[in-house]
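Next come structure tokens for two forms of one protein chain, structure 1 first, structure 2 second.
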Structure 1
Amino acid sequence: MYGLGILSGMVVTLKNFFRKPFTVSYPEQRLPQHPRFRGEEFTWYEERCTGCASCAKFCPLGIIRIVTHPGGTTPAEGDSYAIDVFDIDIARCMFCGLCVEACPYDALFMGSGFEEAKYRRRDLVISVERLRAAEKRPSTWYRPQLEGQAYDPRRDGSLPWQKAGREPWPYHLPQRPQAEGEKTTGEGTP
């Protein structure tokens, strides 16, 4: 009534006029990112990966392509398959993280970077070479062991696989259960 509502609204906007902007100038300034942030990249530790393809199976979109051949090239988890192809098509990926949740050997982590824009669609397919070469900045998403270490991918940088640790989940034993008479490769588990 009487325009008082309008006036009180004008006071509110004037009050906000003197507030600090809540937006930031993006490439120079960045908002803080939580270590759990699911970025648009993946951190993959070949040392741990057995080529079991659980991740590929759990992906709702089926966009992980894995080709393996037998060969004991992953010492951390014992005898396993060697990876020939490990393609993740992040053009279709929705970064839900179910593949990470599915990986029984803690070999696959969400990454924390998010600036993955490319000019060509085919550049969006992360190949195994890129996965190998990529800087390992795992997100702590679904990896409580990293949260326990207070690791922050944006602050602490690359994390070697030995430090990434194993998840204390019932079927993720710190020691790989060994079948009777099986011989270890001797390279120790973390």
Structure 2
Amino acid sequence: MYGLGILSGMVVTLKNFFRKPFTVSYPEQRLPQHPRFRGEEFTWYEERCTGCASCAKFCPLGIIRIVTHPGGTTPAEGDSYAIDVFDIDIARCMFCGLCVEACPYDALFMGSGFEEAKYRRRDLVISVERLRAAEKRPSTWYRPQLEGQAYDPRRDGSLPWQKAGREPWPYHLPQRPQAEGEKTTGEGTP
């Protein structure tokens, strides 16, 4: 009986020995990554950000720290704030994406990178300088318009802020006068 148990174990071993491996030797080989992957980085478009701090308010862990001061250029027209500090502590982040959903101006996106390991916890805080200098490769998570454009953050290059929003930005375009009897589409343009 003792020999039969070892023999049946060796049969299982030999059967798996000649099977093709299904593991990947990372980082030499990489599996394809889905465009909706939410990584350990954030993409921030400063041109779109007004400093309203909605992302910080809706973060359940309170890991986003924003310090602003009035921009001062056109306060009567609802000018945006000048951003002094915009820190995200990814050591405590659970990558839920509530901050991205809460941003009314589409300034904050989940990123697509995942190689953020550091030796010290304080190095896991993403500062405003790093957010400004980072390559803009937003994840298509929670952004169906990016999927509609077939954008892939790993394959395609940086995405400019004009193409990253949930909706087109026709608000800055001059409005043509409406002809009599013409209906509007409800987006400010006839």
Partner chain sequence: MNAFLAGNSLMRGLYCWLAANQGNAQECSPGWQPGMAARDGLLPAGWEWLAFAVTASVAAFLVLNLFLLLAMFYTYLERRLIGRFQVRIGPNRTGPWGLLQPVADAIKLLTKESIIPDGADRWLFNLAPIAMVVTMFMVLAVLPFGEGTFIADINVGLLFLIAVTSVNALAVFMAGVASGNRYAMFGGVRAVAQLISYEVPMVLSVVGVLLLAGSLSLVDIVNAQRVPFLLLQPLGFFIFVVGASAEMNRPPFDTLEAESEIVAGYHTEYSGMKFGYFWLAEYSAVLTTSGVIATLFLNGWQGPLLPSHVWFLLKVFGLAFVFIWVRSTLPRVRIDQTMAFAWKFLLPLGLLNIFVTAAEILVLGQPQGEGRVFSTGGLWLMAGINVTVTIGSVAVFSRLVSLRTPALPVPAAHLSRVEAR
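Everything numeric in this text was worked out from a predicted model, so none of it was measured. Here, a residue number simply tells you its place in the sequence of structure 1, counted from 1. In this text, the rigid core denotes the largest set of C-alpha atoms whose superposition between the two forms falls within 1.5 Å.
Novice: Of these two, which one is the form predicted together with its partner chain?
Specialist: It is the first structure (the form predicted together with its partner chain) rather than the second.
Novice: Aligning on the core only, does the CA of Ser25 end up 2 angstroms or more away between structures 1 and 2?
Specialist: Not so; Ser25 is displaced by less than 2 Å.
Novice: Could you check how much the CA of Leu14 shifts between structures 1 and 2 after a rigid core fit, in angstrom?
Specialist: Its C-alpha shift, to one decimal, is 6.2 Å.
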